[in-house]
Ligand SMILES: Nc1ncnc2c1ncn2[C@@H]1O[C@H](COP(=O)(O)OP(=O)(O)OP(=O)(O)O)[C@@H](O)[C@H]1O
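There is one chain below, alone, in structure tokens, taken in the form predicted alone.
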């Protein structure tokens, strides 16, 4: 992939967290983490299991409250925002554990997930406007699930459910997409499909993307920057090649898990 170059030092972050701290039962999951994501970035977030990656996603998207620090999105302090408010501002995400409505059809999942044009909960129970259904169908074609449109989501393979969740995250036409282990447990053919969709979202549609990923080859292929967490602290942050060659990163990450571990 021809990755976008890192943004200039004087560019304003699209998303910025400063001094993020989060503890559970007295155990620090994050300790003073700073992170900045710039428009057009594809940022990889890596680290050993339990290093705080998903907790950081939860804090950035406001699912988890902060014990310390502040978060800004599009120049607005969102520290005290609710997740739905952040979503309406243009931030969307997927989850480590896939969240689809397994007993609903693929198209019903797409329509229920929408926050497009600020749809509120009562509106989700009404028949969809034609333009919303058209958008859902366009996105199903994009994630290669248009032929499964009326299938139950629970009948899809694990990889197809990952693709469906990505499609659901795109229904609000977000500026920033956070993908939590989008290729975990996915067969190689669908990993390639997910990689291609992430490439297209960034290079063709201008989406800014942060991805938690254990597939280091995928990170090296897709990402312009990498942030490494270890024991809730930021260990490294920089250009992908330099970070992956850092001996401290190798010791903390590869030494415990191995490349595919």
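Positions refer to the first chain, counted from 1. The model shown is predicted, which means the values in this text are computed figures rather than measured ones.
Another form, the form predicted in complex with the ligand, is not on view; read the next lines as being about it.
Taken together, the three residues 13, 41 and 225 lack any non-hydrogen atom within 4.5 angstroms of the ligand in the predicted bound form. None of 133, 79, 85, 96 but one reaches within 4.5 angstroms of the ligand in the predicted bound form through a heavy atom, and that residue is 96. Contact annotation: of the candidates 208, 61, 55, 215, the single residue with a non-hydrogen atom within 4.5 angstroms of the ligand in the predicted bound form is 55. The closest heavy atom approach of residue 33 to the ligand in the predicted bound form falls outside 4.5 Å. At least one heavy atom of residue 49 is located within 4.5 Å of the ligand in the predicted bound form. Using a 4.5 Å cutoff between non-hydrogen atoms, residue 181 counts as a contact of the ligand in the predicted bound form. For the chain shown alone, residue 29 is a contact residue for the ligand in the predicted bound form, at least one non-hydrogen atom being within 4.5 angstroms.
Per the 4.5 Å heavy atom criterion, the ligand in the predicted bound form is contacted by stretch 41-49, the sole one of 41-49, 199-207, 217-225, 66-74.
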